[in-house]
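A lone chain, given as structure tokens: the form predicted alone.
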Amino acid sequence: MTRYPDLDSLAVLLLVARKGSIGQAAEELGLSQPSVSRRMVALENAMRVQLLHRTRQGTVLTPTGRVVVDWASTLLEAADDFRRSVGALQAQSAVSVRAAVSMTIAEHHAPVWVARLHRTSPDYVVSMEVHNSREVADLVSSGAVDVGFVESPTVPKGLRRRRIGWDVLVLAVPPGHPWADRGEVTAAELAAVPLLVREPGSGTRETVEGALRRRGLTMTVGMTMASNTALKSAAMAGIGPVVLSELALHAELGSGQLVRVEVSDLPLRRPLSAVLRATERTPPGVTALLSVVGVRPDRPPRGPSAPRPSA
């Protein structure tokens, strides 16, 4: 492996050359003259050339030493540029927040949080990726992002959860559907009909499947889509019932394009949570973001839990 010269020793050599004396260089550095002299000898031995000529009047550079000093000046300037550049990267990293959010949170909550953070802590810059809840948790676990926001009832081991709220899921059908006039179905009826559902890993799908499983039922999967908008369009086209967040269905339910149907014996409420790596301290930027989300910074970590039945 190639050995590189000691930059600190080269810096001392430049100071000796500028002062014209090892003693004066040592005085400026706050070191003893013998220690600086030994350092110059060690540098000469490492480079295998004589750099300094010592006389009673002081220390002067040898012809070789003058060449080395010129080269060392260029090298040390480059090292200073490198140090400043790394410092800039560290500063940028210190004020940036890498986040991943699941789809419903991305569409209905995250823009408000980012706006609040910009008002309260404008130095922090948030980069945000949108994935389903399982993918968000994987990104947090791998360290690819600093914090995640998910809609799933559980989180993987190795992550800690901070509850930020609750979300209600709604069963919806188009006006001409037989359930529209009834306004209510049972969990068994819901399980028996092919549903328009999100992809595996989605918090929405996990919540519905888990709620039915606790009743001893299995969800019947109709069409699978990774988009809330696509699922709503399919439901309005009469392809099948859909279960989505009340937030995602707000406009369609309000306009009458879809009709809300209650599931009488099945609570469809899920937690919204921030997830972080359990073994790491929370970075300042994440703490600032959690603060505007409404999470107390000193709140103790909480493990995975199932959603509570709605009142």
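Model, not experiment: these values are computed from the prediction. Residues carry their position along the shown sequence, with the first being 1.
There is another form of the same protein, the form predicted together with the DNA; it is not shown, and what comes next is about it.
Chemist: So in the model of the complex, does any heavy atom of Gln57 sit within 4.5 Å of the DNA?
Modeler: Heavy-atom contact with the DNA at 4.5 Å: present for Gln57.
Chemist: Contact between Pro284 and the DNA in the model of the complex at 4.5 Å, heavy atoms?
Modeler: Pro284: no contact with the DNA in the model of the complex.
Chemist: Tell me, yes or no, whether Arg39 is in contact with the DNA in the model of the complex, where a contact means a heavy atom of each within 4.5 Å.
Modeler: Within the cut-off, so yes.
Chemist: At 4.5 Å between heavy atoms, is Ala278 in contact with the DNA in the model of the complex?
Modeler: No - in the model of the complex, heavy atoms of Ala278 and the DNA never come within 4.5 Å of each other.
Chemist: Select, from the options 264 to 272, 62 to 70, 240 to 248, 29 to 37, the stretch whose residues sit within 4.5 angstroms of the DNA in the model of the complex by heavy atom distance.
Modeler: Of the options, only 29 to 37 has residues within 4.5 Å of the partner.
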